[in-house]
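Below sits a lone chain in structure tokens, taken as the form predicted alone.
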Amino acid sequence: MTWHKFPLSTQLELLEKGETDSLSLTKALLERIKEKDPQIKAFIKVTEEEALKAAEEADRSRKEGEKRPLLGLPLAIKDNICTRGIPTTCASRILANFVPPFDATVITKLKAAGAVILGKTNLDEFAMGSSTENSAFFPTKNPWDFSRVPGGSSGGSAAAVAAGFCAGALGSDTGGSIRQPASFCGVVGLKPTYGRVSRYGLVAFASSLDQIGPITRTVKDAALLLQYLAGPDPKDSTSAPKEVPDYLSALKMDLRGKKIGLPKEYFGEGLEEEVRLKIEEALKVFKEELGLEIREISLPHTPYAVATYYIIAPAEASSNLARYDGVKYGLRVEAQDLIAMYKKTRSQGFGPEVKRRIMIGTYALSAGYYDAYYKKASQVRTLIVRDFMEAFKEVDFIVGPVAPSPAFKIGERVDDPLKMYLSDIYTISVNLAGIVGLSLPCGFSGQGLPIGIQIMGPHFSEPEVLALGHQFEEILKLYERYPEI
């Protein structure tokens, strides 16, 4: 069977009907990874032995009549999410040998639901980047064109799903790190509401922005995974104490007459014409086929989002990364005294982009500059939140591009941080506001590269956003297109 072409929900259906078993499915995917991943480099570590053992256990449980919702389904995990007994490196030399003694809450939930973990995927070091070129180990390539980036920072997870190494993976999104790679790789990526999914066990980058979410082939699959990832967690004080709705049932909800807002700020200078045309074609589908009303809106503080984000995120990163000092865990470079050991460990352990952000963040938080930078950025963040709150009084959804362009060439922006940062211009505001953001394919460029569209909704509007995404993708059925590897 061509397992790599089956969405997660189809794989689950075949497992439940007894038309295949988890061991056969897992073996087939591991074989594909072994054969194709040397070209793409989506995985930092493939956990073959553990995966086969978990698959055998899943088959045994199913024969004994056990009913678990994801029983035997193979998934991949971004390597900044803690996995007990399996290295969690954050694609950084400083954590190259770190093996967590515990599972992140999302891993505990996936295991309880019966999922099989195939391995850990590559990312930009500590999730800081938009191309997966900042990994300390190797860059990941886009399955649609090996000369291009898969996006970042969850580039390994998006590439793994696009290449058919798995039908679902976990990523994390701090400023677009699930949605932008999903767009570049032609798959689906969901950034849930901040607090909808526990962050316990996610290695922190920027704690007020980070959120774990699914990357899948279809929106239905994203709903399936979110069902078992979402929910309150006593181990995470920022997780929301809210009931989890039935996301799969919600996919069928009637959305006719709902209103879509198009932010005029998202369609100005910098947006490539091919992307604009594909978004316009998608809007016709929303209007003519799905019966939604479309109107222009304004998110007036959008021009300040990138500057705001690149003060708040590095400030939080400089605090969070202070713990990597060579004393407690991770890399330790010996020196003549404690201060020299700190300096050598952090100099050799962190890559250039991480160092850049630590320095920006430390400067923004330093005496005399805190009010001018961090405090001011926090005030602007409040204005960005208000923009969305006002917009959602008028419309039910906000729709726009995910990125200004399709996937760019490897090496093209690596020496130009500003150009790289601007590739997140349409995704950053969603994190600053803590709302829902969904990226899904809406077409292909003239060169055959995927282009994504972004659907945004108010806090905890995942059921509605997923429903709109699902109904849209069922008309275009772009998930039936695969890269030839």
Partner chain sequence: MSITKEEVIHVAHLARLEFEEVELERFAEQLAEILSYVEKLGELDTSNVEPTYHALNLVNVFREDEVKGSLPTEEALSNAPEKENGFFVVPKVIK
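Just so we're clear, the structure is a prediction, and the values are computed from it rather than from any experiment. Residue numbers count along the first chain shown, from 1.
Beyond the structure shown, there is the form predicted together with its partner chain, which is absent from this document and is the topic of what follows.
Although the partner is absent from this view, Ala28 stays clear of its partner chain in the model of the complex, with no non-hydrogen atom inside 4.5 angstroms. Interface residue remark: Lys41 is not counted as part of the site for its partner chain in the model of the complex, having no heavy atom within 4.5 Å.
Under a 4.5 angstroms non-hydrogen atom cutoff, its partner chain in the model of the complex lacks Tyr228 among its neighbouring residues.
Put simply, Leu422 is close to its partner chain in the model of the complex: some heavy atom of it is within 4.5 Å.
Between 131-139, 270-278, 158-166, 380-388, the stretch whose residues reach within 4.5 angstroms of its partner chain in the model of the complex through a non-hydrogen atom is 380-388. This chain is displayed alone, yet in the model of the complex one of Phe392, Phe408, Tyr266, Tyr373 has a heavy atom within 4.5 Å of its partner chain; that residue is Tyr373.
With the partner removed from view, the residue among Leu299, Ala206, Ile358, Cys82 that has a non-hydrogen atom within 4.5 Å of its partner chain in the model of the complex turns out to be Ile358. Shown here without its partner, the chain carries Trp144, Phe286 and Ile485, none of which come within 4.5 Å of its partner chain in the model of the complex through any heavy atom.
In the model of the complex, the residues of 229-245 lying within 4.5 Å of its partner chain by at least one heavy atom are, in order, Ser237, Thr238, Ser239, Ala240, Pro241.
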